[in-house]
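In structure tokens, the next block holds one chain alone, the form predicted on its own.
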Amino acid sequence: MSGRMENRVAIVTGGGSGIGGETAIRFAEEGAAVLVADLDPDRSANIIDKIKSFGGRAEYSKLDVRISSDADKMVSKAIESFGHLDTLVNNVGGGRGDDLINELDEETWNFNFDFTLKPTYYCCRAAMPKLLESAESRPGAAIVNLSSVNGMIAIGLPAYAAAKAGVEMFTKNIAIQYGSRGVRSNLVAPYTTRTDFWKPIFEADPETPKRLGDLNPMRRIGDPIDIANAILFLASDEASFINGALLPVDGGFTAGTDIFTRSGGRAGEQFWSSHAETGNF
């Protein structure tokens, strides 16, 4: 039985760990040849070794997402290694600076855009000619970009949130420009996920995952595999008529909240039950 990514070539940025690492492994499990594009060769080697251990194909390309020429070299390495390119996953990104707007300095603002929005532009621009070439000969060319729940609702990190919202609009414009030419573009928006980004925070305060999980309707934070499976779906032919969509992978966090009901406790339950029959609210 063929995998969902059989005979396809994928680039995964930030593919050396976390969501990117799990995505690279899932793609390879489904038959793709994967270029792991990451700044850290050592952690990338761990992912590549895992892929090769089950007979998958993977290579490494050093990528500093803040340098546009690195994105060009990344695409060239994919073609040199595997002959063509079908899929691009823009996973790299990070945020800092949970400041009040009047205290948000320009350096922090620029950091978020340079590390989150610009790399998506650099990598999509570099990859698009090869994705279009692929789309001319076979179906299945796709881009999946990583947004965030921060780009959907206001929960802090204003500069990061603005950059992630920018990723959404940029992706949707790609979708309408290139959908007719066979290249689909979609996004996933994760909730807080156990990655290296959060590791020092969780180590400093082991209760942080529980507190963040308690805010979520599913009472947990995300695992990288949760996000990787959604990325795989959007990249596969199972999503062949999905284009320009944002898929929240957030346990229902952006659907609403039960904090009001929980905060009311027993008194809240009594209020709702006593008024339910009359409809008097």
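Only a predicted model underlies this, so the values are computations on that prediction, with no experimental measurement involved. In case it trips you up, residue 1 is the first one in the sequence shown, and so on.
Keep in mind the form predicted in complex with a small molecule is missing from the figure; the text below concerns it.
K.L.:
Using a 4.5 Å cut on heavy atoms, which of Thr192, Asn112, Asn186, Ser134 is close to the small molecule in the predicted complex?
P.N.:
None of the other options qualify; the answer is Thr192.
K.L.:
Of the options Leu39, Leu215, Leu246, Ala230, which one has a non-hydrogen atom that comes within 4.5 Å of the small molecule in the predicted complex?
P.N.:
By the 4.5 Å criterion, the partner-contacting residue is Leu39.
K.L.:
Going by heavy atoms within 4.5 Å, which of 143-151, 78-86, 125-133, 101-109 lines up against the small molecule in the predicted complex?
P.N.:
Result for this chain: 143-151.
K.L.:
Does the 4.5 Å heavy atom contact test between Val65 and the small molecule in the predicted complex come out positive?
P.N.:
It does: once the small molecule is placed as it appears in the predicted complex, Val65 has a heavy atom within 4.5 Å of it.
K.L.:
In the predicted complex, does Pro139 come within 4.5 Å of the small molecule, counting heavy atoms only?
P.N.:
Output for Pro139 is no: heavy atoms all beyond 4.5 Å of the small molecule.
K.L.:
Arg220 versus the small molecule, in the predicted complex: is there a non-hydrogen atom within 4.5 Å?
P.N.:
Looking in the predicted complex, residue contacts with the small molecule do not include Arg220, since no heavy atom lies within 4.5 Å.
K.L.:
Check Trp198 for me: does it contact the small molecule in the predicted complex (non-hydrogen atoms, 4.5 angstroms)?
P.N.:
Answer yes; at least one heavy atom of Trp198 falls within 4.5 Å of the small molecule in the predicted complex.
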